[in-house]
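Let us start with two forms of the same protein chain, each given on its own as C-alpha coordinates and named structure 1 and structure 2.
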Structure 1
(Lines of atoms letter the chains of each structure in order from A and count residues from 1; the text may use other names and numbers.)
(Lines give C-alpha, C1' and ligand atoms only; values in the text may rest on other atoms or scores of the structure.)
Protein backbone atom coordinates (compact mmCIF):
# COMPACT_ATOMS: atom_id res chain seq x y z
CA UNK A 1 0.00 0.00 0.00
CA UNK A 2 1.48 3.40 -0.88
CA UNK A 3 1.42 6.31 1.56
CA UNK A 4 -1.67 7.95 0.03
CA UNK A 5 -3.54 4.64 0.31
CA UNK A 6 -2.49 4.26 3.95
CA UNK A 7 -4.08 7.63 4.75
CA UNK A 8 -7.15 6.98 2.58
CA UNK A 9 -7.72 3.62 4.26
CA UNK A 10 -7.16 5.08 7.73
CA UNK A 11 -9.77 7.75 6.96
CA UNK A 12 -12.38 5.25 5.80
CA UNK A 13 -11.79 2.32 8.13
CA UNK A 14 -10.35 3.64 11.37
CA UNK A 15 -10.67 7.36 11.91
CA UNK A 16 -13.60 9.00 13.63
CA UNK A 17 -14.60 12.65 13.81
CA UNK A 18 -12.46 15.30 12.08
CA UNK A 19 -9.65 12.83 11.29
CA UNK A 20 -11.88 11.15 8.67
CA UNK A 21 -12.02 14.23 6.46
CA UNK A 22 -8.42 15.17 7.26
CA UNK A 23 -7.00 11.78 6.32
CA UNK A 24 -8.85 11.85 2.98
CA UNK A 25 -7.55 15.36 2.26
CA UNK A 26 -3.97 14.34 3.09
CA UNK A 27 -4.25 11.33 0.77
CA UNK A 28 -5.19 13.74 -2.06
CA UNK A 29 -2.35 16.20 -1.30
CA UNK A 30 0.74 15.09 -3.29
CA UNK A 31 3.02 17.63 -1.57
CA UNK A 32 2.24 16.43 1.93
CA UNK A 33 2.20 12.79 0.86
CA UNK A 34 5.72 13.25 -0.57
CA UNK A 35 6.97 14.62 2.77
CA UNK A 36 5.35 11.80 4.75
CA UNK A 37 6.53 9.24 2.17
CA UNK A 38 10.14 10.33 2.73
CA UNK A 39 9.93 9.30 6.43
CA UNK A 40 11.11 5.81 7.43
CA UNK A 41 8.23 3.41 6.76
CA UNK A 42 7.45 2.76 10.42
CA UNK A 43 7.13 6.51 10.98
CA UNK A 44 4.53 7.20 8.26
CA UNK A 45 1.57 5.98 10.33
CA UNK A 46 -1.29 8.49 10.47
CA UNK A 47 -1.68 8.48 14.26
CA UNK A 48 1.98 9.44 14.69
CA UNK A 49 2.12 12.16 12.01
CA UNK A 50 -1.23 13.75 12.98
CA UNK A 51 -0.24 13.84 16.66
CA UNK A 52 3.17 15.31 15.83
CA UNK A 53 1.59 18.27 14.02
CA UNK A 54 -0.63 18.97 17.03
CA UNK A 55 2.29 18.50 19.44
CA UNK A 56 4.23 21.16 17.52
CA UNK A 57 1.29 23.57 17.92
CA UNK A 58 -0.46 22.95 14.61
CA UNK A 59 -4.20 22.57 14.02
CA UNK A 60 -6.03 19.25 14.29
CA UNK A 61 -8.53 19.55 11.45
CA UNK A 62 -8.76 20.19 7.73
CA UNK A 63 -10.98 23.24 8.33
CA UNK A 64 -8.42 24.80 10.67
CA UNK A 65 -5.63 24.53 8.08
CA UNK A 66 -3.81 21.35 9.13
CA UNK A 67 -2.21 20.70 5.72
CA UNK A 68 -0.68 24.12 4.97
CA UNK A 69 0.56 24.35 8.56
CA UNK A 70 2.12 20.88 8.40
CA UNK A 71 3.95 21.68 5.14
CA UNK A 72 5.22 25.04 6.37
CA UNK A 73 6.47 23.56 9.64
CA UNK A 74 7.61 20.19 8.36
CA UNK A 75 11.12 20.32 9.89
CA UNK A 76 9.64 20.52 13.41
CA UNK A 77 6.98 17.90 12.63
CA UNK A 78 9.59 15.52 11.25
CA UNK A 79 11.77 15.98 14.36
CA UNK A 80 8.87 14.99 16.60
CA UNK A 81 7.84 12.07 14.37
CA UNK A 82 11.38 10.69 14.46
CA UNK A 83 11.81 11.19 18.20
CA UNK A 84 8.46 9.82 19.39
CA UNK A 85 6.19 6.81 19.03
CA UNK A 86 2.47 6.25 19.40
CA UNK A 87 1.55 5.46 22.96
CA UNK A 88 -1.70 5.13 24.86
CA UNK A 89 -2.85 4.77 28.41
CA UNK A 90 -6.54 4.53 29.25
CA UNK A 91 -7.53 5.05 32.89
CA UNK A 92 -11.11 4.06 31.99
CA UNK A 93 -10.00 0.42 31.80
CA UNK A 94 -9.84 0.40 35.60
CA UNK A 95 -13.66 0.21 35.55
CA UNK A 96 -13.27 -3.14 33.75
CA UNK A 97 -10.59 -4.35 36.15
CA UNK A 98 -12.29 -3.35 39.40
CA UNK A 99 -14.94 -6.12 39.76
CA UNK A 100 -12.23 -8.68 38.99
CA UNK A 101 -9.73 -7.12 41.38
CA UNK A 102 -12.47 -7.25 44.03
CA UNK A 103 -12.48 -11.06 43.76
CA UNK A 104 -8.96 -11.17 45.16
CA UNK A 105 -8.27 -10.92 48.86
CA UNK A 106 -6.15 -7.88 49.67
CA UNK A 107 -4.10 -6.01 50.41
CA UNK A 108 -2.78 -6.25 46.89
CA UNK A 109 0.73 -6.00 45.48
CA UNK A 110 -0.13 -4.92 41.95
CA UNK A 111 2.18 -5.29 38.96
CA UNK A 112 1.10 -4.04 35.56
CA UNK A 113 2.84 -5.44 32.50
CA UNK A 114 2.88 -2.84 29.72
CA UNK A 115 1.97 0.02 32.07
CA UNK A 116 2.68 3.03 29.81
CA UNK A 117 2.28 5.98 32.23
CA UNK A 118 0.84 3.77 34.98
CA UNK A 119 -2.75 5.04 34.83
CA UNK A 120 -4.15 1.50 35.23
CA UNK A 121 -1.85 0.94 38.20
CA UNK A 122 -3.93 3.28 40.33
CA UNK A 123 -7.45 1.75 40.35
CA UNK A 124 -7.73 2.82 44.00
CA UNK A 125 -7.38 6.49 43.07
CA UNK A 126 -10.49 6.91 40.91
CA UNK A 127 -14.18 7.36 41.62
CA UNK A 128 -16.49 4.78 40.05
CA UNK A 129 -20.09 5.03 38.94
CA UNK A 130 -21.58 1.73 37.83
CA UNK A 131 -25.08 2.30 36.42
CA UNK A 132 -27.27 3.92 39.07
CA UNK A 133 -25.29 2.49 41.99
CA UNK A 134 -23.83 4.68 44.71
CA UNK A 135 -20.51 6.15 43.51
CA UNK A 136 -17.42 5.23 45.50
CA UNK A 137 -13.72 5.99 45.47
CA UNK A 138 -11.80 9.26 45.57
CA UNK A 139 -12.12 11.95 42.90
CA UNK A 140 -11.55 13.95 40.89
CA UNK A 141 -11.43 11.37 38.08
CA UNK A 142 -14.80 9.63 37.67
CA UNK A 143 -15.07 6.45 35.63
CA UNK A 144 -18.62 5.63 34.54
CA UNK A 145 -19.47 2.13 33.41
CA UNK A 146 -22.77 0.61 32.23
CA UNK A 147 -23.09 -3.04 33.18
CA UNK A 148 -25.08 -6.12 32.18
CA UNK A 149 -25.28 -9.55 33.76
CA UNK A 150 -25.09 -8.76 37.49
CA UNK A 151 -21.37 -8.18 38.02
CA UNK A 152 -20.06 -8.31 41.61
CA UNK A 153 -19.44 -4.58 41.91
CA UNK A 154 -17.62 -3.77 45.16
CA UNK A 155 -18.61 -0.80 47.30
CA UNK A 156 -15.06 0.41 47.84
CA UNK A 157 -11.79 0.56 45.96
CA UNK A 158 -9.23 -2.18 46.64
CA UNK A 159 -6.41 -1.70 49.11
CA UNK A 160 -3.18 -1.60 47.15
CA UNK A 161 -0.18 -1.94 49.44
CA UNK A 162 2.48 -1.98 46.75
CA UNK A 163 2.50 -1.27 43.03
CA UNK A 164 4.91 -1.21 40.11
CA UNK A 165 4.70 -1.30 36.34
CA UNK A 166 6.90 -2.56 33.54
CA UNK A 167 7.15 -0.96 30.13
CA UNK A 168 9.57 -0.95 27.22
CA UNK A 169 9.01 2.82 27.04
CA UNK A 170 7.52 4.09 30.30
CA UNK A 171 5.93 7.54 30.20
CA UNK A 172 7.24 9.94 32.83
CA UNK A 173 4.11 11.55 34.25
CA UNK A 174 6.17 14.30 35.88
CA UNK A 175 7.33 15.55 32.46
CA UNK A 176 4.81 18.02 30.96
CA UNK A 177 5.98 17.26 27.40
CA UNK A 178 5.38 13.53 27.87
CA UNK A 179 1.92 14.21 29.26
CA UNK A 180 1.11 16.53 26.36
CA UNK A 181 2.29 13.94 23.84
CA UNK A 182 -0.19 11.41 25.27
CA UNK A 183 -2.93 14.03 25.00
CA UNK A 184 -2.04 14.78 21.36
CA UNK A 185 -2.55 11.11 20.56
CA UNK A 186 -6.22 11.35 21.59
CA UNK A 187 -8.22 12.08 18.45
CA UNK A 188 -9.86 15.50 18.09
CA UNK A 189 -13.51 15.39 19.10
CA UNK A 190 -12.85 12.87 21.88
CA UNK A 191 -12.91 15.61 24.47
CA UNK A 192 -14.21 13.50 27.35
CA UNK A 193 -11.42 11.01 26.81
CA UNK A 194 -8.81 13.76 26.64
CA UNK A 195 -10.13 15.38 29.84
CA UNK A 196 -10.09 12.02 31.64
CA UNK A 197 -6.54 11.38 30.48
CA UNK A 198 -5.40 14.81 31.61
CA UNK A 199 -7.01 14.41 35.02
CA UNK A 200 -5.70 10.86 35.53
CA UNK A 201 -2.18 12.01 34.57
CA UNK A 202 -2.43 14.74 37.19
CA UNK A 203 -3.44 12.15 39.82
CA UNK A 204 -0.44 10.02 38.83
CA UNK A 205 1.93 13.00 38.80
CA UNK A 206 0.99 13.77 42.42
CA UNK A 207 2.40 10.40 43.48
CA UNK A 208 4.16 8.85 40.47
CA UNK A 209 3.95 5.10 40.16
CA UNK A 210 7.17 3.14 40.02
CA UNK A 211 7.74 2.14 36.39
CA UNK A 212 10.55 -0.23 35.45
CA UNK A 213 11.92 0.07 31.93
CA UNK A 214 12.27 -3.32 30.31
CA UNK A 215 10.71 -6.20 28.47
CA UNK A 216 7.92 -7.93 30.40
CA UNK A 217 9.37 -11.38 29.84
CA UNK A 218 12.72 -10.42 31.35
CA UNK A 219 11.56 -8.06 34.08
CA UNK A 220 8.44 -9.71 35.47
CA UNK A 221 9.99 -12.54 37.58
CA UNK A 222 12.27 -10.14 39.50
CA UNK A 223 9.41 -7.74 40.19
CA UNK A 224 7.15 -10.57 41.39
CA UNK A 225 9.86 -11.57 43.85
CA UNK A 226 10.00 -7.98 45.12
CA UNK A 227 6.23 -7.76 45.41
CA UNK A 228 5.88 -10.94 47.46
CA UNK A 229 5.60 -10.05 51.11
CA UNK A 230 3.73 -6.79 50.42
CA UNK A 231 0.36 -8.42 49.71
CA UNK A 232 -1.39 -10.77 47.32
CA UNK A 233 0.65 -10.47 44.15
CA UNK A 234 -1.51 -9.62 41.14
CA UNK A 235 -0.07 -9.34 37.64
CA UNK A 236 -2.37 -7.50 35.32
CA UNK A 237 -2.12 -6.36 31.73
CA UNK A 238 -4.41 -4.53 29.41
CA UNK A 239 -3.95 -3.91 25.66
CA UNK A 240 -0.44 -5.34 25.89
CA UNK A 241 -0.74 -8.48 23.80
CA UNK A 242 -1.11 -6.79 20.37
CA UNK A 243 2.51 -5.71 20.85
CA UNK A 244 3.75 -9.28 21.25
CA UNK A 245 4.15 -11.81 18.46
CA UNK A 246 1.89 -14.87 18.81
CA UNK A 247 4.92 -16.87 20.01
CA UNK A 248 5.88 -14.24 22.59
CA UNK A 249 2.24 -14.11 23.74
CA UNK A 250 2.23 -17.84 24.44
CA UNK A 251 5.55 -17.60 26.27
CA UNK A 252 4.22 -14.67 28.32
CA UNK A 253 1.12 -16.63 29.35
CA UNK A 254 3.32 -19.61 30.32
CA UNK A 255 5.55 -17.27 32.33
CA UNK A 256 2.70 -15.60 34.25
CA UNK A 257 0.90 -18.84 35.01
CA UNK A 258 4.14 -20.33 36.35
CA UNK A 259 4.84 -17.48 38.79
CA UNK A 260 2.29 -18.42 41.45
CA UNK A 261 0.49 -15.06 41.21
CA UNK A 262 -3.08 -13.98 40.53
CA UNK A 263 -3.38 -12.96 36.88
CA UNK A 264 -5.77 -10.44 35.37
CA UNK A 265 -5.79 -10.02 31.61
CA UNK A 266 -7.84 -7.38 29.82
CA UNK A 267 -7.25 -7.87 26.12
CA UNK A 268 -9.10 -7.83 22.80
CA UNK A 269 -11.04 -11.02 22.07
CA UNK A 270 -8.63 -12.31 19.38
CA UNK A 271 -5.55 -11.99 21.58
CA UNK A 272 -6.11 -14.99 23.84
CA UNK A 273 -7.82 -17.33 21.35
CA UNK A 274 -7.90 -20.24 23.80
CA UNK A 275 -10.64 -18.35 25.70
CA UNK A 276 -12.83 -19.35 22.75
CA UNK A 277 -14.71 -16.05 22.71
CA UNK A 278 -15.60 -14.99 19.16
CA UNK A 279 -14.66 -11.47 18.05
CA UNK A 280 -18.35 -10.46 17.64
CA UNK A 281 -19.68 -7.33 15.99
CA UNK A 282 -18.56 -4.75 18.49
CA UNK A 283 -14.91 -4.52 19.43
CA UNK A 284 -14.63 -5.98 22.92
CA UNK A 285 -12.03 -6.92 25.46
CA UNK A 286 -12.20 -10.00 27.65
CA UNK A 287 -11.38 -9.36 31.28
CA UNK A 288 -10.20 -12.62 32.82
CA UNK A 289 -8.97 -13.80 36.20
CA UNK A 290 -6.39 -16.59 36.33
CA UNK A 291 -7.19 -17.49 32.71
CA UNK A 292 -10.96 -17.68 33.25
CA UNK A 293 -13.00 -15.07 31.31
CA UNK A 294 -15.13 -13.02 33.71
CA UNK A 295 -16.49 -10.21 31.55
CA UNK A 296 -16.72 -8.81 28.07
CA UNK A 297 -15.72 -5.18 28.37
CA UNK A 298 -15.48 -1.99 26.37
CA UNK A 299 -11.86 -1.33 25.29
CA UNK A 300 -12.07 1.98 27.16
CA UNK A 301 -14.08 0.69 30.12
CA UNK A 302 -17.43 2.37 29.43
CA UNK A 303 -19.47 -0.90 29.52
CA UNK A 304 -19.09 -4.36 30.97
CA UNK A 305 -21.05 -7.57 30.46
CA UNK A 306 -20.41 -10.05 33.26
CA UNK A 307 -20.22 -13.62 31.94
Structure 2
Protein backbone atom coordinates (compact mmCIF):
# COMPACT_ATOMS: atom_id res chain seq x y z
CA UNK A 1 0.00 0.00 0.00
CA UNK A 2 1.51 3.34 -1.03
CA UNK A 3 1.54 6.36 1.29
CA UNK A 4 -1.51 8.03 -0.24
CA UNK A 5 -3.51 4.82 0.18
CA UNK A 6 -2.41 4.55 3.81
CA UNK A 7 -3.89 7.97 4.54
CA UNK A 8 -6.96 7.34 2.43
CA UNK A 9 -7.64 4.07 4.27
CA UNK A 10 -7.02 5.73 7.62
CA UNK A 11 -9.62 8.36 6.77
CA UNK A 12 -12.22 5.76 5.78
CA UNK A 13 -11.67 3.04 8.39
CA UNK A 14 -10.27 4.72 11.50
CA UNK A 15 -10.45 8.48 11.59
CA UNK A 16 -13.30 10.37 13.19
CA UNK A 17 -14.25 14.03 13.28
CA UNK A 18 -11.91 16.50 11.53
CA UNK A 19 -9.26 13.84 10.88
CA UNK A 20 -11.55 12.04 8.44
CA UNK A 21 -11.62 15.02 6.06
CA UNK A 22 -7.98 15.84 6.73
CA UNK A 23 -6.74 12.34 5.91
CA UNK A 24 -8.55 12.39 2.56
CA UNK A 25 -7.10 15.82 1.76
CA UNK A 26 -3.56 14.68 2.58
CA UNK A 27 -4.00 11.61 0.38
CA UNK A 28 -4.88 13.90 -2.55
CA UNK A 29 -1.96 16.31 -1.94
CA UNK A 30 1.05 15.02 -3.97
CA UNK A 31 3.45 17.52 -2.38
CA UNK A 32 2.67 16.53 1.19
CA UNK A 33 2.49 12.84 0.33
CA UNK A 34 5.98 13.10 -1.20
CA UNK A 35 7.35 14.58 2.04
CA UNK A 36 5.68 11.91 4.15
CA UNK A 37 6.76 9.19 1.73
CA UNK A 38 10.40 10.21 2.15
CA UNK A 39 10.22 9.35 5.85
CA UNK A 40 11.29 5.88 7.02
CA UNK A 41 8.35 3.54 6.50
CA UNK A 42 7.68 3.12 10.22
CA UNK A 43 7.44 6.89 10.60
CA UNK A 44 4.74 7.50 7.96
CA UNK A 45 1.87 6.56 10.31
CA UNK A 46 -0.99 9.06 10.13
CA UNK A 47 -1.30 9.39 13.91
CA UNK A 48 2.39 10.16 14.25
CA UNK A 49 2.54 12.77 11.47
CA UNK A 50 -0.70 14.48 12.48
CA UNK A 51 0.39 14.68 16.11
CA UNK A 52 3.83 16.02 15.16
CA UNK A 53 2.28 18.94 13.28
CA UNK A 54 0.17 19.83 16.30
CA UNK A 55 3.13 19.40 18.68
CA UNK A 56 5.11 21.91 16.62
CA UNK A 57 2.27 24.43 16.88
CA UNK A 58 0.47 23.73 13.64
CA UNK A 59 -3.30 23.55 13.06
CA UNK A 60 -5.27 20.35 13.62
CA UNK A 61 -7.80 20.56 10.77
CA UNK A 62 -8.05 21.00 7.04
CA UNK A 63 -10.15 24.16 7.45
CA UNK A 64 -7.46 25.77 9.61
CA UNK A 65 -4.74 25.23 7.02
CA UNK A 66 -3.07 22.01 8.17
CA UNK A 67 -1.56 21.09 4.80
CA UNK A 68 0.10 24.40 3.84
CA UNK A 69 1.40 24.82 7.39
CA UNK A 70 2.85 21.31 7.42
CA UNK A 71 4.64 21.80 4.10
CA UNK A 72 6.01 25.20 5.07
CA UNK A 73 7.28 23.91 8.42
CA UNK A 74 8.24 20.43 7.34
CA UNK A 75 11.76 20.54 8.78
CA UNK A 76 10.38 20.95 12.30
CA UNK A 77 7.65 18.37 11.70
CA UNK A 78 10.14 15.85 10.36
CA UNK A 79 12.42 16.38 13.35
CA UNK A 80 9.59 15.59 15.75
CA UNK A 81 8.40 12.60 13.70
CA UNK A 82 11.89 11.09 13.74
CA UNK A 83 12.37 11.74 17.46
CA UNK A 84 9.01 10.47 18.74
CA UNK A 85 6.70 7.49 18.59
CA UNK A 86 2.97 6.93 18.43
CA UNK A 87 2.46 6.21 22.12
CA UNK A 88 -1.25 6.74 22.56
CA UNK A 89 -1.78 5.77 26.19
CA UNK A 90 -5.52 5.29 26.67
CA UNK A 91 -6.52 4.78 30.30
CA UNK A 92 -10.04 3.91 29.14
CA UNK A 93 -8.74 0.51 28.00
CA UNK A 94 -8.61 -0.51 31.65
CA UNK A 95 -12.41 -0.84 31.47
CA UNK A 96 -11.88 -3.52 28.80
CA UNK A 97 -9.18 -5.26 30.81
CA UNK A 98 -10.91 -5.29 34.18
CA UNK A 99 -13.41 -8.15 33.58
CA UNK A 100 -10.49 -10.29 32.39
CA UNK A 101 -8.26 -9.28 35.30
CA UNK A 102 -11.13 -10.22 37.60
CA UNK A 103 -10.83 -13.83 36.44
CA UNK A 104 -7.27 -14.10 37.76
CA UNK A 105 -6.59 -14.92 41.40
CA UNK A 106 -4.80 -12.09 43.16
CA UNK A 107 -2.86 -10.35 44.41
CA UNK A 108 -1.49 -9.49 41.00
CA UNK A 109 2.00 -8.61 39.82
CA UNK A 110 1.26 -6.66 36.65
CA UNK A 111 3.69 -6.16 33.77
CA UNK A 112 2.72 -4.15 30.70
CA UNK A 113 4.61 -4.53 27.43
CA UNK A 114 4.63 -1.29 25.44
CA UNK A 115 3.61 0.71 28.51
CA UNK A 116 4.14 4.26 27.19
CA UNK A 117 3.39 6.39 30.29
CA UNK A 118 2.03 3.43 32.25
CA UNK A 119 -1.58 4.62 32.46
CA UNK A 120 -2.88 1.07 31.92
CA UNK A 121 -0.68 -0.14 34.78
CA UNK A 122 -2.97 1.50 37.32
CA UNK A 123 -6.42 -0.13 36.86
CA UNK A 124 -6.82 -0.14 40.64
CA UNK A 125 -6.67 3.65 40.74
CA UNK A 126 -9.69 4.39 38.54
CA UNK A 127 -13.43 4.49 39.15
CA UNK A 128 -15.59 2.29 36.88
CA UNK A 129 -19.16 2.59 35.65
CA UNK A 130 -20.51 -0.36 33.65
CA UNK A 131 -23.98 0.32 32.25
CA UNK A 132 -26.36 1.04 35.16
CA UNK A 133 -24.33 -0.94 37.69
CA UNK A 134 -23.14 0.66 40.91
CA UNK A 135 -19.87 2.53 40.37
CA UNK A 136 -16.78 1.24 42.16
CA UNK A 137 -13.14 2.20 42.47
CA UNK A 138 -11.30 5.08 44.12
CA UNK A 139 -11.35 7.70 41.34
CA UNK A 140 -10.83 10.53 40.60
CA UNK A 141 -10.77 9.27 36.99
CA UNK A 142 -14.07 7.67 35.94
CA UNK A 143 -14.12 5.11 33.12
CA UNK A 144 -17.57 4.39 31.67
CA UNK A 145 -18.19 1.26 29.59
CA UNK A 146 -21.35 -0.09 27.92
CA UNK A 147 -21.54 -3.88 27.83
CA UNK A 148 -23.18 -6.62 25.76
CA UNK A 149 -23.41 -10.27 26.66
CA UNK A 150 -22.76 -11.25 30.26
CA UNK A 151 -19.29 -10.03 31.25
CA UNK A 152 -18.04 -10.94 34.75
CA UNK A 153 -17.97 -7.39 36.09
CA UNK A 154 -16.33 -7.34 39.52
CA UNK A 155 -17.59 -5.16 42.37
CA UNK A 156 -14.12 -3.93 43.34
CA UNK A 157 -10.81 -3.09 41.71
CA UNK A 158 -8.11 -5.78 41.72
CA UNK A 159 -5.36 -5.93 44.31
CA UNK A 160 -2.11 -5.11 42.54
CA UNK A 161 0.86 -5.82 44.77
CA UNK A 162 3.57 -5.01 42.22
CA UNK A 163 3.67 -3.35 38.82
CA UNK A 164 6.15 -2.39 36.11
CA UNK A 165 6.12 -1.52 32.43
CA UNK A 166 8.49 -1.96 29.50
CA UNK A 167 8.84 0.47 26.62
CA UNK A 168 11.50 1.38 24.06
CA UNK A 169 10.93 5.04 24.96
CA UNK A 170 9.03 5.36 28.28
CA UNK A 171 7.04 8.57 28.75
CA UNK A 172 7.99 10.54 31.87
CA UNK A 173 4.66 11.55 33.40
CA UNK A 174 6.37 14.32 35.38
CA UNK A 175 7.67 16.06 32.22
CA UNK A 176 5.28 18.70 30.79
CA UNK A 177 6.60 18.24 27.24
CA UNK A 178 6.04 14.49 27.41
CA UNK A 179 2.50 14.99 28.70
CA UNK A 180 1.82 17.48 25.88
CA UNK A 181 2.99 14.94 23.31
CA UNK A 182 0.43 12.44 24.61
CA UNK A 183 -2.26 15.13 24.39
CA UNK A 184 -1.32 15.81 20.75
CA UNK A 185 -1.98 12.14 20.00
CA UNK A 186 -5.62 12.61 21.04
CA UNK A 187 -7.68 13.48 17.97
CA UNK A 188 -9.21 16.96 17.71
CA UNK A 189 -12.75 17.22 19.01
CA UNK A 190 -12.31 14.36 21.48
CA UNK A 191 -12.39 16.66 24.48
CA UNK A 192 -13.65 14.05 26.93
CA UNK A 193 -10.82 11.72 26.00
CA UNK A 194 -8.29 14.54 26.34
CA UNK A 195 -9.64 15.45 29.78
CA UNK A 196 -9.51 11.79 30.85
CA UNK A 197 -5.89 11.62 29.71
CA UNK A 198 -4.97 14.70 31.71
CA UNK A 199 -6.65 13.31 34.81
CA UNK A 200 -5.00 9.90 34.44
CA UNK A 201 -1.61 11.56 33.94
CA UNK A 202 -2.15 13.51 37.17
CA UNK A 203 -2.87 10.26 39.02
CA UNK A 204 0.28 8.69 37.58
CA UNK A 205 2.43 11.74 38.33
CA UNK A 206 1.43 11.57 42.00
CA UNK A 207 2.89 8.04 42.19
CA UNK A 208 4.86 7.38 38.98
CA UNK A 209 4.89 3.78 37.78
CA UNK A 210 8.14 1.93 37.31
CA UNK A 211 8.91 1.98 33.59
CA UNK A 212 11.89 0.07 32.24
CA UNK A 213 13.50 1.26 29.02
CA UNK A 214 14.28 -1.64 26.74
CA UNK A 215 13.24 -4.21 24.19
CA UNK A 216 10.43 -6.45 25.42
CA UNK A 217 12.15 -9.67 24.32
CA UNK A 218 15.28 -8.80 26.27
CA UNK A 219 13.65 -7.23 29.32
CA UNK A 220 10.51 -9.26 29.99
CA UNK A 221 12.06 -12.49 31.35
CA UNK A 222 13.98 -10.62 34.06
CA UNK A 223 10.91 -8.65 35.13
CA UNK A 224 8.81 -11.80 35.27
CA UNK A 225 11.39 -13.40 37.54
CA UNK A 226 11.36 -10.31 39.79
CA UNK A 227 7.57 -10.13 39.87
CA UNK A 228 7.06 -13.78 40.76
CA UNK A 229 7.53 -13.23 44.48
CA UNK A 230 4.79 -10.61 44.66
CA UNK A 231 1.68 -12.35 43.32
CA UNK A 232 0.18 -13.92 40.23
CA UNK A 233 2.25 -12.57 37.33
CA UNK A 234 0.15 -11.03 34.57
CA UNK A 235 1.71 -9.79 31.33
CA UNK A 236 -0.60 -7.48 29.40
CA UNK A 237 -0.37 -5.38 26.29
CA UNK A 238 -2.75 -3.14 24.37
CA UNK A 239 -2.23 -1.93 20.78
CA UNK A 240 1.36 -3.18 20.83
CA UNK A 241 1.30 -5.58 17.89
CA UNK A 242 0.91 -2.98 15.08
CA UNK A 243 4.43 -1.80 15.91
CA UNK A 244 5.96 -5.27 15.52
CA UNK A 245 6.74 -7.07 12.29
CA UNK A 246 4.83 -10.33 11.73
CA UNK A 247 7.93 -12.29 12.67
CA UNK A 248 8.47 -10.25 15.83
CA UNK A 249 4.81 -10.79 16.80
CA UNK A 250 5.25 -14.54 16.57
CA UNK A 251 8.44 -14.41 18.63
CA UNK A 252 6.73 -12.24 21.24
CA UNK A 253 3.81 -14.67 21.57
CA UNK A 254 6.24 -17.60 21.87
CA UNK A 255 8.13 -15.72 24.59
CA UNK A 256 5.09 -14.82 26.66
CA UNK A 257 3.50 -18.26 26.45
CA UNK A 258 6.76 -19.84 27.54
CA UNK A 259 7.17 -17.79 30.72
CA UNK A 260 4.48 -19.46 32.81
CA UNK A 261 2.48 -16.25 33.33
CA UNK A 262 -1.11 -15.19 32.77
CA UNK A 263 -1.33 -13.28 29.50
CA UNK A 264 -3.85 -10.59 28.59
CA UNK A 265 -3.77 -9.26 25.02
CA UNK A 266 -5.91 -6.37 23.83
CA UNK A 267 -5.27 -5.92 20.13
CA UNK A 268 -7.01 -5.00 16.90
CA UNK A 269 -8.73 -7.86 15.10
CA UNK A 270 -6.51 -7.56 11.96
CA UNK A 271 -3.45 -8.25 14.15
CA UNK A 272 -4.89 -11.49 15.50
CA UNK A 273 -6.52 -13.09 12.43
CA UNK A 274 -6.13 -16.60 13.87
CA UNK A 275 -8.89 -15.78 16.34
CA UNK A 276 -11.33 -15.68 13.43
CA UNK A 277 -13.67 -13.21 15.15
CA UNK A 278 -15.38 -10.72 12.81
CA UNK A 279 -15.77 -7.25 14.28
CA UNK A 280 -18.51 -6.22 11.87
CA UNK A 281 -18.55 -2.62 10.77
CA UNK A 282 -16.98 -1.20 13.91
CA UNK A 283 -13.30 -0.94 14.65
CA UNK A 284 -12.67 -3.35 17.51
CA UNK A 285 -10.04 -5.01 19.64
CA UNK A 286 -10.08 -8.61 20.81
CA UNK A 287 -9.36 -8.89 24.52
CA UNK A 288 -8.02 -12.35 25.29
CA UNK A 289 -6.77 -14.29 28.31
CA UNK A 290 -3.97 -16.80 27.75
CA UNK A 291 -4.73 -16.74 24.03
CA UNK A 292 -8.46 -17.38 24.46
CA UNK A 293 -10.71 -14.54 23.20
CA UNK A 294 -12.98 -13.17 25.92
CA UNK A 295 -14.48 -10.01 24.43
CA UNK A 296 -14.69 -7.67 21.49
CA UNK A 297 -13.88 -4.23 22.84
CA UNK A 298 -13.71 -0.61 21.81
CA UNK A 299 -10.11 0.54 21.24
CA UNK A 300 -10.70 3.26 23.83
CA UNK A 301 -12.65 1.10 26.27
CA UNK A 302 -16.09 2.67 25.87
CA UNK A 303 -17.87 -0.66 25.11
CA UNK A 304 -17.30 -4.38 25.27
CA UNK A 305 -19.15 -7.43 23.97
CA UNK A 306 -18.45 -10.52 26.02
CA UNK A 307 -18.02 -13.62 23.90
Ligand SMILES: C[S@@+](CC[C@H](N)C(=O)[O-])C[C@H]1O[C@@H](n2cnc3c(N)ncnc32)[C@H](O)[C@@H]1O
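Superpose the two forms; the largest set of C-alphas matching within 1.5 Å is the rigid core. Residue numbers count along the first chain shown, from 1. Computed from a prediction, not measured in an experiment: that's the story for all the values here.
So which is it, 1 or 2, that shows the form predicted together with the named molecule?
The chain shown as structure 1 is the form predicted together with the named molecule.
Based on the rigid-body movement between structures 1 and 2, can you say which of 151, 190, 253, 135 lies at the hinge?
Hinge position among the options: 190.
For the two-rigid-part motion between structures 1 and 2, write down the angle in ° by which the smaller part turns against the larger.
Treating the chain as two rigid parts, the smaller one turns 18 degrees between structures 1 and 2.
Fitting the two forms on their rigid core, what distance in Å separates the Cα positions of residue 28 between structures 1 and 2?
Residue 28 C-alpha displacement between structures 1 and 2, core-aligned: 8.5 Å.
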